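What follows is a single chain, given as structure tokens, in the form predicted on its own.
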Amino acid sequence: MSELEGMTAKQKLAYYQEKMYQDALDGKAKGELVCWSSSIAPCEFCEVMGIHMIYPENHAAAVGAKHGALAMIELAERRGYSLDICSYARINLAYMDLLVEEAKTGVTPKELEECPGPRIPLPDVIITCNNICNTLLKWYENLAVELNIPYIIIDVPYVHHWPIPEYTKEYIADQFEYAIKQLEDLCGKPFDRQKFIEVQEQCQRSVNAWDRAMGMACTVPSPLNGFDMFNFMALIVCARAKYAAEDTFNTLADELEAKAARGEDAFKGGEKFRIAWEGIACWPYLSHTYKSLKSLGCNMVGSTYPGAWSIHYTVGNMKEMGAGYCKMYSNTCLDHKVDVISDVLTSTSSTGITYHLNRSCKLMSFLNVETAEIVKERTGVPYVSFDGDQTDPRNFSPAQFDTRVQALAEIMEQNKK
């Protein structure tokens, strides 16, 4: 009997996450290559080459959710990194320094022992795309220089006009081919094009299963709470090219469909309002933000964040794949971002939206200030914003958040009347 048989989606999520990190550690010990990659970079290439993938952003989020971020952040700041740098970067750079110190001395630093996030190995290669923000370029360059390892950059141009121009797709496809050549040189073996097709097919099955599960948030009332989206998102980031993601998300979708058929919702009858959340989660305060919204009967059913990994393309078509990795809305024009958020509000029947003004993510926060008014004008959906940070707990005020969402609930109540 398979150890996965009978597992819930939540149990599979935990199982697969632990297995991926352990496989990377075991692989490193056996001399296999490990890559640290930005979160929306093409995992397909490393999967074909048998390289273990670790995602520093995802790892930093896990450290933050387990309340270990501040120790790493303060360590990075003591070592000279500015507090204006992305908090994911500060956590990761500090963690890297601790791993290097351990490798040199043979002694595990106290901060590393006490870090509550999963243990990860040092990388042999760095891969990044600049389709999220340009901070990634310098952050990952720093990692590569400090560790003296190869650094593969896939340049994804900003999309000033939607839809994505054909020349942009061609340019990214060329970038992909060059990255494959770099990986061939690194691994000393040819890139298996047939296996590449199989990996692409797996990615598309995983993405379709993700869409199926996340689409349940559109049900009224919803059997899915948006904070579950944030938690399950770990696998669409880290295991898109593996069966693990497809398996977990289909199990989750089955569970949600069964709940909906029984007439159950995420709040067991307490869904009073449906709202969207724009921006990254506040991982150290995930519980507080969830409970604060739940106390008001607000089910967060819509978010553009999990949809960033809904990367669709025709298998075998490198230009379409390039377009898939180009569509991250922070990498596209304002008009397209407004379209994306408006579609989320409409498809989820949300009657309010909250914007996270994230100190770490300047690009998303600056865009949100302008976007909020345009989306409201187009949809009529009221909004509030709050100050926060994805992992630095010093930049979030629970009292401010509570006050803002209470105001949103009052507006939605008035609009009902």
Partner chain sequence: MSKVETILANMKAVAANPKQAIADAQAKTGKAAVGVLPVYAPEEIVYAAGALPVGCWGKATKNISKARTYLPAFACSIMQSIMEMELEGVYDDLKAVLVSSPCDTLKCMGQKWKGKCPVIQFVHPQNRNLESANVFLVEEYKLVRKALEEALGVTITDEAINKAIDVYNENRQAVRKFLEVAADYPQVIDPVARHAIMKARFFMDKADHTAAIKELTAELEAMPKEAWKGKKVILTGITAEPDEFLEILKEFDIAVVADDLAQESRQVRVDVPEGDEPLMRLAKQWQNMYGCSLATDRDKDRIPMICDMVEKYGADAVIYCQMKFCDPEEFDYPLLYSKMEEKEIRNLMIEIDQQASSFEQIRTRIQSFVEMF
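Numbering follows the first chain given and starts at 1. It should be emphasised that the depicted structure is a prediction, and the values quoted were computed from it without experimental measurement.
Not on display, but discussed next: the form predicted together with its partner chain.
In the predicted complex, its partner chain sits within 4.5 Å of a heavy atom belonging to residue 84. With a 4.5 Å cutoff on heavy atoms, residue 287 does not count as touching its partner chain in the predicted complex; it lies far away.
Its partner chain in the predicted complex comes within 4.5 Å of no heavy atom belonging to residue 256. Though the partner is left out of this view, residue 197 does not reach within 4.5 Å of its partner chain in the predicted complex, counting heavy atoms only. Proximity to its partner chain in the predicted complex, taken as a non-hydrogen atom within 4.5 angstroms, holds for one residue of 193, 79, 268, 110, which is 79. Out of the listed residues 304, 130, 250, 202, 130 is the one that sits within 4.5 Å of its partner chain in the predicted complex by at least one heavy atom. Here the chain stands by itself, but in the predicted complex one stretch of 61-69, 347-355, 47-55, 368-376, 368-376, has heavy atoms within 4.5 Å of its partner chain. Along 325-344, these residues reach a heavy atom to within 4.5 Å of its partner chain in the predicted complex: 331, 333, 334.
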